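One chain follows as structure tokens, the form predicted on its own.
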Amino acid sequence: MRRDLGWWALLLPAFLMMTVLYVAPILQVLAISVTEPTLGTGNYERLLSNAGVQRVILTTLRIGLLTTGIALLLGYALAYVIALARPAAQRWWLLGVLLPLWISVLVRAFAWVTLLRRQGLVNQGLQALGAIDSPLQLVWNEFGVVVGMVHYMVPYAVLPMLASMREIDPRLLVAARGMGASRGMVFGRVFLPLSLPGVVAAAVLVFIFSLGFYITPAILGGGKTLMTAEWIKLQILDLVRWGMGAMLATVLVGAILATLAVFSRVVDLRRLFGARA
């Protein structure tokens, strides 16, 4: 009993700090969503009646799912190559994966604008090859937003999947090959199923991050592709409609918690993210 009280005493300062810094602001946002401009659930009723709000939510979900799917495909291929590479090569591969994380997201977004704009390197290269006659609209739309978000999220997809792949015993692959399985069968029936926990962890991580993106959609979307975070900023700072902004912020938090709840029914998220061995 005394030992348990000692542990709780050690955890109390961190618990109080988390409550003050995270829980209290979230509760305040929830309160604003039902008190501004008048007391009631009028702001939440606009989820069903306001076409603009519905469009923003659908755009956020669509871009989030696209980003998650593409990031998982690219991240799985990278993680697979890194997991099977020699130790010396693994260090260089990891450096290449982690290097984008050392660059500001703002710098990367403007770099993609430079590359994808009508006079950018991508359009000029395609025209020089004769693939297109006129420049393509690759930025200030959903395509540009997805490209920028995938570039940002691929490292976050690689790391959980690589950690899962490194736990696979190589002797299982050797045994499968020794029993006559082809490389494709070894991958499809042994390696892929054993690496699925890492894929699930990466999917949860990337999708949750994608729901709250602000800088990349704001720059690469050019104001034409509104996602939830940018719409909240527009409501609060530009239109001074605190109730609407707080309502969608609360919905965003609820969507994240719901995503975690759904995946926790399928897999043990505490084990996936390292909270339990």
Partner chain sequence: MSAGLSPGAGHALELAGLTRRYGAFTAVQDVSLSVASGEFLTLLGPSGSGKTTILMMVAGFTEPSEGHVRLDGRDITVLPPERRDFGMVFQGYALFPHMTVAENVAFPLRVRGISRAARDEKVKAALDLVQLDRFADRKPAQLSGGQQQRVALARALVFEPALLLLDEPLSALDKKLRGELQEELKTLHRRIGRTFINVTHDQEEALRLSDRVAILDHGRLVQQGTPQDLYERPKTRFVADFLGRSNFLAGTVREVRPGAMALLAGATRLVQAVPEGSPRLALGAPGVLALRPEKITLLAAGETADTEVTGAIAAWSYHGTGFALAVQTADLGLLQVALPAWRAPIAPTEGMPVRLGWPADASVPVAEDSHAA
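Numbering follows the first chain given and starts at 1. This structure is a prediction, so every number in the text was calculated from the model and none was measured.
Below: the form predicted together with the partner chain, not depicted.
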- Contact with the partner chain in the model of the complex, heavy atom within 4.5 Å, among 129, 174, 101, 77 goes to 174
- With the partner left out of view, is residue 189 within 4.5 angstroms of the partner chain in the model of the complex by any non-hydrogen atom? yes
- Item | 4.5 Å heavy atom contact, residue 179 to the partner chain in the model of the complex | yes
- Query: Is residue 193 a contact residue for the partner chain in the model of the complex, using a 4.5 Å heavy atom cut-off?
  - Reply: yes
- Query: So, in the model of the complex, is residue 185 in contact with the partner chain at a 4.5 angstroms heavy atom limit?
  - Reply: yes
- For the partner chain in the model of the complex, the stretch among 164-172, 79-87, 148-156, 105-113 with residues bearing a heavy atom within 4.5 Å is 164-172
- Message: Suppose contact means any heavy atom within 4.5 Å; which members of 11-41 contact the partner chain in the model of the complex?
- Response: none
